[in-house]
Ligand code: BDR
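In the form predicted alone, a lone chain appears below as structure tokens.
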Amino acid sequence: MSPPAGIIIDTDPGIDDAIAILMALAGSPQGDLAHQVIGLTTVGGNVPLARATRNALAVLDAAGRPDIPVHRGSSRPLAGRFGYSFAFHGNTGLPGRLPKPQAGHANQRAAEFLAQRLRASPGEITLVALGPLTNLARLMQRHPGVLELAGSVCVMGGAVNSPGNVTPHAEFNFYSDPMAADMVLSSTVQLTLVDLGASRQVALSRRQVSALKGGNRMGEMAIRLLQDWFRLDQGRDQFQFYDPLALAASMDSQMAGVRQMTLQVETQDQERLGESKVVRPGGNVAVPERVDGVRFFAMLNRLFGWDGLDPENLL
């Protein structure tokens, strides 16, 4: 297979989305990924679509990459409305303030952009989905078979054999659009699902974040975002790296040991809406079970150039 043509990030920024985007821009141990980020697609979820799009543009602008296009996607789930997550992310989705972005979003909508790029580079694009899976479901509806053209698909979402974070059963992204999540997971698309059980294995405390220093341009931005997030609520004592772990898993296949499963997402029972249900062992979904936390935080150090973060003594 030829080298990857690039990475597309489907996102609803969101502090953890923003840090994952900065990771992608900073590069990877395997090579300079910054020049391979070929676009962002936005979706409602953590915040309304307009705010998610503005936040994506602002992060790219502040990181010195306004050349990367941002394509708007779905403002609503396949059914109903998004619930948003202002309590976690703040009123604007990002703690602190980023300058007003100078660039605007692209005219082409997310599903059409995804279809065009996947058809142009079959098997060569990494697709990382960090929000509700509405854009991917729309792609499947409008362009059957095209999502399968991705070289790899990595999704942050779900709670497989672990408690949810919105209800006892459901994780936020899947709860926000359970129909879309079920459509993607129940398809033949081969994907990696970084769920809550995996994400909860990598976290930093308030004290550890306050000790972070140094870094390149992206690393300094990530520190500010993390420290501002803790300032939003003095009761917070830990930041879990949901979306950054998904981005890391897409960049490094050795980041976690996985188990193949066939999954469905509950779409009917209102009490269990968005629940990730294991249908049987084996299947199209690789779920990380044992995350290498030392490897993850070592990656953050390499990408961001941080001082004051010793991966060996964090876990």
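Start at 1 with the first residue shown and count on from there. This one's a predicted model, so the numbers in the text were calculated from it and none came from an experiment.
Missing here is the form predicted in complex with beta-D-ribofuranose (BDR); even so, the following discussion is about that form.
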Can you check whether E171 is within 4.5 Å of beta-D-ribofuranose (BDR) in the predicted complex, heavy atom basis?
yes
Contact label in the predicted complex: N165 to beta-D-ribofuranose (BDR), heavy atom within 4.5 Å
yes
Interface membership of A150, beta-D-ribofuranose (BDR) in the predicted complex, 4.5 Å heavy atom rule
no
Can you check whether L196 is within 4.5 Å of beta-D-ribofuranose (BDR) in the predicted complex, heavy atom basis?
yes
Within 4.5 Å, heavy atoms only, which of L130, L114, A180, L245 is in contact with beta-D-ribofuranose (BDR) in the predicted complex?
L130
Just one of T41, N46, N55, S276 has a heavy atom within 4.5 angstroms of beta-D-ribofuranose (BDR) in the predicted complex, so which one?
N46
For the interface check, one of 114 to 122, 229 to 237, 171 to 179, 71 to 79 should have non-hydrogen atoms within 4.5 Å of beta-D-ribofuranose (BDR) in the predicted complex; which one?
171 to 179
Going through 54 to 68 from first to last, which residues have a non-hydrogen atom within 4.5 Å of beta-D-ribofuranose (BDR) in the predicted complex?
none
